[in-house]
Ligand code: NAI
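The chain below stands alone and is given in structure tokens; this is the form predicted on its own.
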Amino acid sequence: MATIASARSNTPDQSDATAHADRNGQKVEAAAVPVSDAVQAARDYADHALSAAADVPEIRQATARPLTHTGIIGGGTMGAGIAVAMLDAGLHVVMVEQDDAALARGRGRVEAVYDRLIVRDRMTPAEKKDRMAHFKGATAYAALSNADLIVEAVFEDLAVKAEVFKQIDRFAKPGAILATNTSYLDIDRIAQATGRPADVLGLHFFSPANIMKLLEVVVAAQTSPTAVATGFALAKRLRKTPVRAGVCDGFIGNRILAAYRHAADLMMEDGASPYDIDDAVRAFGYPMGPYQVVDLAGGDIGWATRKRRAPTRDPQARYVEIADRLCEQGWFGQKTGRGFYRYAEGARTGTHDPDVLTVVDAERTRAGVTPRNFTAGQIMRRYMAAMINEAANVLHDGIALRPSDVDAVFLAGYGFPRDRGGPLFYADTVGVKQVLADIESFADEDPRFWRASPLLLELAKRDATFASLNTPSR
């Protein structure tokens, strides 16, 4: 049976006619590139997974509340992106910031999005004016009293968010939906800061929020069906792909991301360069490798998460410190001109950095690691095994309703190649037993990390597939 790395189509991944210009400048349609049955099946499944994610039990149990006025707390990059998404959908937006200077910066970020569209002839000044007519700013929570839905988008700190929700609870009208945009934190604890936990849910937007299609609708212990239905209705209005998620550290996407990123870090310390890993992941079909993504998002974000998790980290578990060493030098990625890559002024594409490799070598020495070579295939076997295994844990723990929802998250929010259908569709093409065999072989090196999911073990024992679990919601 094929390994995870080698189970891919032998035909080109591209299909559809491509346009070329002849010498006279006329557009000519080139012959369509044939697509294999396997690739077409993956694409068809991807389309189905993205649409099926909207099938959740709460929508059949409750009616969404009407939405006209929204509030956003926080005018940073995420808050501004959410504001643009709301304005583009015809909603009224009140942005609340801590002072006039911060509010001016938040409004400036919103206007900058529209200004770029005007420069590209994708929006007229009149259209921008019409959008901004629905935008207001304030420095007091009382300005949220008319909002039908309020989204908190402040710093990723539980105490800070809880305090914000205490203030929201004082001023929001009865029936308002109170949402947090947290990427990782415990929404049950955030909801406890209010006297109306049934109206609290997570709306995890992905950056840039006005562009990215994925919206994780996170259902806390006391979230009402009405609040869930309203979250899904908002996603539809924003033209996003909503996926229902339960509460855990990282929900669906970021929880799984933490696992396969750790697998990548282990390989980096064991001998693969970050550039080897990024190259292998791009060759698999991703638009970017994991370390390019770190540089794009900002290395300081992951660093803050790692520091938050440090007190509860298993002291016996292997922890790779390479990314921490880079952050300690202020190398946070594109925004600082250095991260895992170097970036020229204003550049979005980085170049290899020998100083990073020096840091990697020093960390290998400190950890007592003798580096070894990894082929692209070996890299992808581990990368995908970690992804699939943690996805199985997410399903086993009830965080996702079904395998296709996991696949929808990765298709809409993490750049998973559509021609491979999604991580769990891909696992079925490789074979669940083969994935399990890979994990068990890797466990010889690190049994703490490479611990097979109970669900993966069960499916292998029954000779079943992830697809067999894709039943409609009840």
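For clarity, every value in this text was computed on a predicted model and none was experimentally measured. A residue's number is simply how far along the shown sequence it sits, counting from 1.
The form predicted in complex with this ligand is left out here; the points below concern that form.
Listed residues 182, 393, 241, 224 were compared with this ligand in the predicted complex; 182 is the one with a heavy atom within 4.5 Å. Of the residues given (153, 294, 86, 177), 153 alone sits with a heavy atom within 4.5 Å of this ligand in the predicted complex.
Among heavy atoms of residue 131, none comes within 4.5 Å of this ligand in the predicted complex. Among residues of the shown chain, residue 303 is not one whose heavy atoms approach this ligand to within 4.5 Å in the predicted complex. Although the partner is absent here, residue 79 lies within 4.5 Å of this ligand in the predicted complex, judged by heavy atoms. Of the heavy atoms in residue 199, none are within 4.5 Å of this ligand in the predicted complex. Taking the partner from elsewhere, every residue among 96, 204 and 207 has a non-hydrogen atom within 4.5 angstroms of this ligand in the predicted complex.
Proximity to this ligand in the predicted complex, taken as heavy atoms within 4.5 Å, picks out 161 to 169 from the listed stretches 330 to 338, 161 to 169, 377 to 385, 360 to 368.
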